[in-house]
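To begin, one chain is listed below as structure tokens, in the form predicted alone.
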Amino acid sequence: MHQPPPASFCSSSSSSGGSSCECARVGVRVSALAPAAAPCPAPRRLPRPRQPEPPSRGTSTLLPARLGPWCSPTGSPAPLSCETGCGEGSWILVCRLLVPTQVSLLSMEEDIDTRKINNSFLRDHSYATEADIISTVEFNHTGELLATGDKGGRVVIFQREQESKNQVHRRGEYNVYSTFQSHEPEFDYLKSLEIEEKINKIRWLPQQNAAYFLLSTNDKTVKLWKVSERDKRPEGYNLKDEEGRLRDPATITTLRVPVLRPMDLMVEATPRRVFANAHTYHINSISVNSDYETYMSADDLRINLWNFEITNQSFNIVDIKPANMEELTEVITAAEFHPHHCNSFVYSSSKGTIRLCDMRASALCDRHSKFFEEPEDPSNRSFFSEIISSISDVKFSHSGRYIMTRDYLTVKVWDLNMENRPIETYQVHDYLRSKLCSLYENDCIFDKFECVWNGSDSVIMTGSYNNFFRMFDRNTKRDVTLEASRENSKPRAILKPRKVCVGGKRRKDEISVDSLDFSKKILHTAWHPSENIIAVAATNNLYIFQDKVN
């Protein structure tokens, strides 16, 4: 049946109307959302702001490592699996990088080659502030670049060094490629609200030419950035001198042809598009469509579809905001496009449900095509069931056949052809189930952990507390717990599996569940798209590990 013209394809300023209060983050009670015409009621539970633990003093150096192709003894690419990819003693530290502060950025600008990490960049830990805490990590489609965003609104891009002729397999280090301020703190005077500069998500676009493009977003505004190199500068202008000042036309007696002169390599980051004023609530997800012409941005109640060439209009494709905000029962927590079908996307909710939508069915995708939900066991029902069932991340597999979701305690894999239950469930830190009360009191129960696939969809990785991160092999059903810590950051140090002791006698190599440091947490991780190289963010430290090459 022919659909009427999409009336919701309106200017972004008109679509931002609604409630004058901000939507609380997922996990906080949804009653924090107020009706549009009424003041915001006090939520039953709001997380208290936490100050990060001041890091201990110390310095870091970049450690070179072999990052060559990960191959089997025959020379062909080996499968990525826990048996060889995340088993015991199979991961080594490549390097530990730090997000630069404003102090180190000033020092880097004085250097001739800002692509190299110097001592001012790997500065003393005492300069680290809350603005330096990494808030997102993302490889580009080739894995040659790795971007991080922090709470200070900065984006730092690391580039993988090319292999040398003498050491073919030492395609080594990820060095600083570009650093720029993506977002600044703002203030909404109409709503009397502060808008943080924190980078919530970064998404790369496939490279089409010599330049790189990426999307970055804070709570309200999405920006499209172009990152390009320049190693030549024009000289010999007719109307300007060498310093750029205008010349007196009376002194111009000859016509000169400008020429390009070599110069030191400079990496420039310029904003090409700014997509603003389309979200009333906090943006939690952005996803680039497989047609590479559109992308979507999702906040707590709405999902908007954008065209990269149009900044003043967006198409609202999902709107779950009820007419009466007192009837609100769930919020959107994450959303992502299908990797191959440009018409399909999924979004998750704070109730632990996943909805698959098809944009061919209707202009407004309020009616889902498929609904994924696991029935709850009444015997396990508790006060915290609603909070720990909230989905913090959703990811399509590279093949597009499966969906992976992460809630507070588990990672689940869903088959698109089976909606009633997940086909795989992995316990991330089930030993914390008995400590949910204390985790609720210190607000850790509201932490949002991400999850990632490896390049072949055979291994899953996600974070935990005490700087632990977990890997699960879907084929062998093996799992491993590893730790990203400054104490283990020796050159090419092999990561030893860690185990948590719940009760009884504790072995020498185990750590008691009562000794876990909940201020140290791995929320953001990334996996190289084609190799066994992972990036793990721990506060202001970025750890890069690779599979051990024999």
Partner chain sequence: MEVQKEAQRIMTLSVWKMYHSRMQRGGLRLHRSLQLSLVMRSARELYLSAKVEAHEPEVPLPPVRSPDPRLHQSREAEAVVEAAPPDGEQPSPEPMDTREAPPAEETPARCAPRPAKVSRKRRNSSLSDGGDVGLVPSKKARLEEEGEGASAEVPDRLQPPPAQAEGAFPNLARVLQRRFSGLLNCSPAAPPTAPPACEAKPACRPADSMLNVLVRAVVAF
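Numbering follows the first chain given and starts at 1. All of these numbers come straight from a predicted model, not from anything done at the bench.
The form predicted together with its partner chain exists for this protein as well; it is not shown, and the discussion that follows is about that form.
Q: Can any non-hydrogen atom of residue 338 be found within 4.5 angstroms of its partner chain in the predicted bound form?
A: Result no; residue 338 lies far from its partner chain in the predicted bound form.
Q: Applying a 4.5 Å heavy atom distance criterion, does residue 383 contact its partner chain in the predicted bound form?
A: Residue 383: contacts its partner chain in the predicted bound form.
Q: Against its partner chain in the predicted bound form, would residue 428 count as a contact residue? Criterion: heavy atoms within 4.5 Å.
A: Close contact is absent here: in the predicted bound form, residue 428 is far from its partner chain, nothing within 4.5 Å, heavy atoms only.
Q: Is residue 185 a contact residue for its partner chain in the predicted bound form, using a 4.5 Å heavy atom cut-off?
A: Taking the distances in the predicted bound form, the answer for residue 185 is yes, it comes within 4.5 Å of its partner chain.
Q: Thinking of its partner chain in the predicted bound form, which stretch from 307 to 315, 189 to 197, 456 to 464, 471 to 479 has heavy atoms inside 4.5 Å of it?
A: Looking at the partner contacts, the answer comes out as 189 to 197.
Q: Using heavy atoms and a 4.5 Å cut-off, decide whether 485, 490 and 539 all contact its partner chain in the predicted bound form.
A: No: none of 485, 490 and 539 comes within 4.5 Å of its partner chain in the predicted bound form.
Q: Heavy atom within 4.5 Å of its partner chain in the predicted bound form: which of 204, 440, 180, 402 fits that? Just give me the one.
A: Checking each option against its partner chain in the predicted bound form, the one that comes within 4.5 Å is 440.
Q: Can you work out which of 387, 156, 452, 296 has a heavy atom no more than 4.5 Å from its partner chain in the predicted bound form?
A: Of 387, 156, 452, 296, the residue with a heavy atom within 4.5 Å of its partner chain in the predicted bound form is 387.
Q: Within 4.5 Å of its partner chain in the predicted bound form, counting any non-hydrogen atom, which residues from 248 to 280 show up?
A: Sequence-ordered list has one entry, 280.
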